[in-house]
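Presented below, as structure tokens, is a lone chain in the form predicted alone.
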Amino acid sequence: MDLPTEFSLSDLLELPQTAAASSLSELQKLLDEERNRCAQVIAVSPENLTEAQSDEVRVRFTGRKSPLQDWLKSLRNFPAEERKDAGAKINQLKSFLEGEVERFVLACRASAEKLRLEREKVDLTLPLPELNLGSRHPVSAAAQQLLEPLRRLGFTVIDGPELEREFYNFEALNIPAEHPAREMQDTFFVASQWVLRTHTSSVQAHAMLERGVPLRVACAGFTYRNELDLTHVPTFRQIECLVVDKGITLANMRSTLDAFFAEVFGRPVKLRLRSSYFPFTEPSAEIDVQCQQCFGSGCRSCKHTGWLEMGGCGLVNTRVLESCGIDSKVYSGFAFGMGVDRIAMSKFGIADLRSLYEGDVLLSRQLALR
């Protein structure tokens, strides 16, 4: 049915004068009229309808104010023995109208889009303009680059909860209640016995209790502390590694660290272990890597020391092994952990850690090119 572009649908879309029925024969007559009216409308060529008019068709036949709704409500007026058949006939017509109208509306939209392209004279054979697809956040990129060498070194990457019980975050790691070591971490307490984990070391306790020994695992995830300065932020990522087996010594730990950081930075780097204290390792040390911005001469990023602290390490404290059900006379182990954010600072030459979390798109784009 070809009609002028500016034709009116008022006649075809006029609602039936009698929208209700009280018997099966009356209902059948109304349903047949509605089916015929819909057939007349969808016979109109889609090129003759605007998008607004096609939407008007959809609302008229399948909307909440369509006659279908009135007929469904009028079923209560039917004799009990006819209601089932009447409802089936209405639903059958409803399915037919919905399918036909949907195809018709899609055809109208496709026709309108074709006309728009012809008007604008768009050449579909031309290449698309350059898309701004974005890139990984520098910290996310650094985390992926840290996990790959760990996998090659034989570590299994695991995950753990960020909302943690105090037992796993403190007690299982040789930090009992009221222990002075808790003062080292300004913790976000959520509820009684629940904290936002202050380190990924809590995953060590989960792994030893759930997986047993021998064990070689790595965990990367977010940790939370109330800290904010050039090299600290309240929410930061850590990577924690744990090895437990027979005959593990400091020599195994040092060789693993040397191999790991050489792969991370793409070349051998100067590494030093500085004696320190961690409740869950004994002996313990801080891991320092020569500053990759000044290479030891001193700059703002390394606080003019020539070294950048990456994390901590040490042999697993025997009390931690015993609290996790491991015989410390048979097994020993080492653990090391580091802040992914610090690694990203060193890899990308960033002086202020806070700049990674200020949402500067230009910074992310610049770093993505390196």
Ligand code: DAH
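Everything quoted here is computed from the prediction, not taken from an experiment. One rule holds for the numbers: they count along the sequence shown, beginning at 1.
What comes next is about the form predicted together with this ligand, which is not displayed.
Check each of Trp307, Tyr331, Phe336, Phe61 and return the one that places a heavy atom within 4.5 angstroms of this ligand in the model of the complex.
The residue in contact is Phe336.
Ser201, Arg225 and Phe278 - do all three of these have some heavy atom no more than 4.5 Å from this ligand in the model of the complex?
Spot residues vs this ligand: full contact, yes.
Pick from 108-116, 234-242, 74-82, 211-219: which stretch has a heavy atom within 4.5 Å of this ligand in the model of the complex?
After filtering at 4.5 Å, what remains is 234-242.
Contact of Gly312 with this ligand in the model of the complex (heavy atom, 4.5 Å)
The answer is yes: Gly312 has a heavy atom within 4.5 Å of this ligand.
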